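Next comes just one chain, in structure tokens: the form predicted alone.
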């Protein structure tokens, strides 16, 4: 058993648990701040440090194992600004990025956003690319972003790198990426009703049969 501190209160938990497992072991019922438990959804952003060490560290609670004398707090939501736009009415340009997120010009290049990213993304580079209007570069470099918000929480200028990167990925997907014939063919098949009977069959299945069908599904090779 090891000692950890949750919101300033000491708890003893078994060694080897993830932060989420330790929270639940300590009696916390997680409603917010927990999601896929696999490092993909970004819902369990956590800030922590260790006793007698003021250095703040950043992690996803489902992927980080507790350490002795860890002081932690979760950050399931950060009140960062988000621009509203109609993707069909804007164009993929640097001017659009600046119009929607004008504060991006205040970036100090301090790299706090990169240091806080639990995905080890080069967030500051993404912001530099966004300032230059290089939407494709931002999309590629931010592809693994899970929208946890820790970069915005640490930015001294109040920027929202993850929302800026999301805008770029949407612009790239809508206007710049090559069309997928496979996807278009599948959409046309769905619109023509080719899968209606199969969908109806699934809707009428019991939960046990659905689970069995899922286990027996054919998985395409990568």
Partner chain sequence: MYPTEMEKSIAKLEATRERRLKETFPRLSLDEIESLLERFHPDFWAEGTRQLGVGPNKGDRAPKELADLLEGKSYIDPDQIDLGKIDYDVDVLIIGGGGAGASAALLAQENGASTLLVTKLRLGDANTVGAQAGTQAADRPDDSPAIHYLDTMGGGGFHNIPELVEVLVKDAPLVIRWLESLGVNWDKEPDGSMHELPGGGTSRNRMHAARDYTGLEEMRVLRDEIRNRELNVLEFSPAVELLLDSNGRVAGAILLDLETNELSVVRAKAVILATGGSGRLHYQGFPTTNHYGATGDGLVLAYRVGAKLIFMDTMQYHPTGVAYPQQILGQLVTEKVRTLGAQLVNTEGEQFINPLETRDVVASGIIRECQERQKGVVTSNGQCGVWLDSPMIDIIRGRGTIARELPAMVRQFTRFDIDITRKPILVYPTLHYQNGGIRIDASGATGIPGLFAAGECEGGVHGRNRLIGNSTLDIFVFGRRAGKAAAQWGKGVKPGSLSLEHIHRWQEETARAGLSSRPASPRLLPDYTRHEQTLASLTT
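In this text the structure is predicted, and so the values were computed from the model without any measurement. Positions refer to the first chain, counted from 1. So that the term is clear: the rigid core is the largest set of C-alpha atoms that superpose within 1.5 Å between two forms.
The same protein also exists as the form predicted together with its partner chain; that form is not shown, yet it is the one meant from here on.
- Remark: residue 7 does not count among the residues lining its partner chain in the predicted bound form, judged by a heavy atom distance of 4.5 Å or less.
- Using a 4.5 angstroms limit between non-hydrogen atoms, residue 119 touches its partner chain in the predicted bound form.
- Contact annotation: residue 132 falls outside 4.5 Å of its partner chain in the predicted bound form, judged by heavy atom distances.
- Taking the partner from elsewhere, residue 196 is found to have a heavy atom lying within 4.5 Å of its partner chain in the predicted bound form.
- Although its partner chain is omitted here, in the predicted bound form all of 24, 200 and 213 have a heavy atom within 4.5 Å of it.
- Exactly one listed residue, out of 87, 73, 110, 98, brings a non-hydrogen atom to within 4.5 Å of its partner chain in the predicted bound form: 87.
- Along 148-178, residues 166, 169, 170, 172, 173, 174, 177, 178 each place a heavy atom within 4.5 Å of its partner chain in the predicted bound form.
- Core-superposed comparison between the shown form and the other one: CA of residue 209 displaced by 2 Å or more.
- Residue 27 is not among the residues whose C-alpha shifts by 2 Å or more between the shown form and the other one once the rigid core is aligned; its shift stays under 2 Å.
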